[in-house]
Structures are given as C-alpha cells and as structure tokens.
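This document opens with one chain alone, in structure tokens, the form predicted on its own.
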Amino acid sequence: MKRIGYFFLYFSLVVVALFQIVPLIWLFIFSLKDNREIFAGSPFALPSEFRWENYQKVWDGGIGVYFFNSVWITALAIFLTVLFASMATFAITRMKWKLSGFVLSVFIIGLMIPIHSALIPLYSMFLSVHLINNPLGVVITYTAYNLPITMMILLGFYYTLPREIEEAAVIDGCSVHRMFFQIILPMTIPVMSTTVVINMIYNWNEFVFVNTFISSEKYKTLTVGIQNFIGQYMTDWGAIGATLIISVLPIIIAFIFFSNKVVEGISASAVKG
C-alpha cells in the first residue's frame, strides 16, 4: 500500500514537471522556425532547418542593451535589498530597544501597499529630484518594495540564531558592526540565497515601474524592451520567440543552481527556536 502511494506521488510530480517543462521546450523549438513553419506546420514539429540566426538577429537588433540593463539593475537592487534587510532584521531581532516592534510593523505595512497606488506619488517625487528616465530611480523603487518580503523571510532565521555566539563575540571585544558583518551575516547565507532568488525573479520580470519611469531606449530592461522589439519584428515570430528564450534563460539557470538553497532557506526561516 505504501509503494502504491509513492507511485502516485511520483507520478503526480512527473505530470506537474511536464506541465512546466513542455512550454519551455515548445518555445525553444518555436524560436528556431520561420513564419512558414510556425503557421503551416505542426506546433510541436521540429524545424526543417534550425535557424540560429534568429538569435543573432535579435541580439544585433538591440536586445543586448536591454539584457545588460536588466542584469546590472537587478544585481544592484538585489545587493541593496538584501544588505539593508539584513541590517534592519539584525537590529530588530538581536538588539534590545523600545521601538523595535513598531519599526517592524512599519516595514511589514509595506506589503499592503499596492504597486499601482504608489505610481503617481513616486513619479512626482522622482520628477522633483531628477530621477525620471534614470535607472537609479528604478533601483531605489525595487529596493524599497522588496524590503518587507525580504525581511519577513529573514526574520525566522534570525530568531533561531543562538545568542551565546554574540555574547562570546562581545566578551572578546567585538564591535556591533564587526559582529554583524563577520559573524552574523555569514551564518545567514542559506536564507540569504532564498531572498536573492526571490528578489531576482521579481526584479527581472518587473514591468510597471520601468515602463513608467524610463523612456530612453538605452535604459530600458528586457521586459519593456521586448515590448518595443515585438513591434519592430511584428511578422518575424521566430525572432520574437528568440527574445523570449533570452529573457527567461537567466531565471531558469539561477533557479537550477540555487533551488536547494531556496528550500533550505525557507525551511530554516520557518522554524523559530
């Protein structure tokens, strides 16, 4: 009976995995076809000739600029978000001060603010400080909006850290700053990996803020750049498929390499000692 239960469990997991993988395989095959094969042939048929020039075409057409912008904006926003969230979580959970609970509540309230309700105030504020059409405005927005969820993931893990480590460090003459950067921060690498992947997925796929704050082609990211690129190649569907493959590939690679860390981090942050 137990074996039958495992069989159905694994069978269900295989079915779910196929539902996730098949669309990616289809998109990859789609990106190697021309318009005739896409509309006249079977959707799952292999192309008569693999047209790798579709990728060269979109890269030469400007997708490389959008890709580079997505990489550095996403990386900088992740670094700032994880650093600031770690510092704030350390101060709230490991240091004793009267307003720690209130400050935590203020951060968590950020989860309840819809993105669209803040667009006009943010646009007005960035306009007054000359951050419209400036990628730093997007980085600041990503950092602020991702702080609450990042702190929520970190909180459970920070509560489980033994205070004896901090007490021993203080006895040895360690300052608060050195304790955080050299002792506490390295111990939180598993849960930090989880926050990095979650922030990467959000920042990489975000569309609304970039579309609102950025108008210059040289600062646009992949999500907005693909929208313009589709208009440029309205009839070349193979090239459009190539742009989509390029846009999803970094997320897939990151999740493959960090999937175990994500599970470990979520499990660790869910247990409060």
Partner chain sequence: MNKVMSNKLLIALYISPALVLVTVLIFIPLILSGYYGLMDWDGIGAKTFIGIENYMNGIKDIKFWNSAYHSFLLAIFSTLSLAIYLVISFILASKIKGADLLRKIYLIPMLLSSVAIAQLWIKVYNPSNGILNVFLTKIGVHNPPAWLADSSLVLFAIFIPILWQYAGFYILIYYAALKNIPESLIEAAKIDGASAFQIATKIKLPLIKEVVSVTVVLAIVGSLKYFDLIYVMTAGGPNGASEVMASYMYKLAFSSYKFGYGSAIGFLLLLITLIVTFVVRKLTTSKEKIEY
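Positions refer to the first chain, counted from 1. Computed from a predicted structure; not experimentally measured. The term rigid core refers to the maximal set of C-alpha atoms that superpose within 1.5 Å between the two forms.
There is another form of the same protein, the form predicted in complex with its partner chain; it is not shown, and what comes next is about it.
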Problem - its partner chain in the predicted bound form reached by all of 29, 71 and 157, non-hydrogen atom within 4.5 Å - result: no
Handout entry: residue 248, heavy atom within 4.5 angstroms of its partner chain in the predicted bound form
Key = yes
Handout entry: Contact flag, residue 130 vs its partner chain in the predicted bound form, heavy atom cut 4.5 Å
Key = no
Practice task
Verify the contact flag for residue 46: yes if a non-hydrogen atom of it lies within 4.5 Å of a non-hydrogen atom of its partner chain in the predicted bound form, no if not.
Solution key: no
Exercise for the section: Answer for residue 59 alone: is it within 4.5 Å of its partner chain in the predicted bound form, judged on heavy atom distances? Expected result: no
Exercise for the section: Counting only non-hydrogen atoms and a 4.5 Å cut-off, give the residues of 160-175 close to its partner chain in the predicted bound form. Expected result: 166, 167, 170
Practice task
For residue 26, decide whether the Cα shift between this form and the one not shown is 2 Å or greater, given a superposition on the rigid core.
Solution key: yes
Practice task
Align on the rigid core first; then say whether the Cα of residue 16 has moved by at least 2 Å between this form and the one not shown.
Solution key: yes
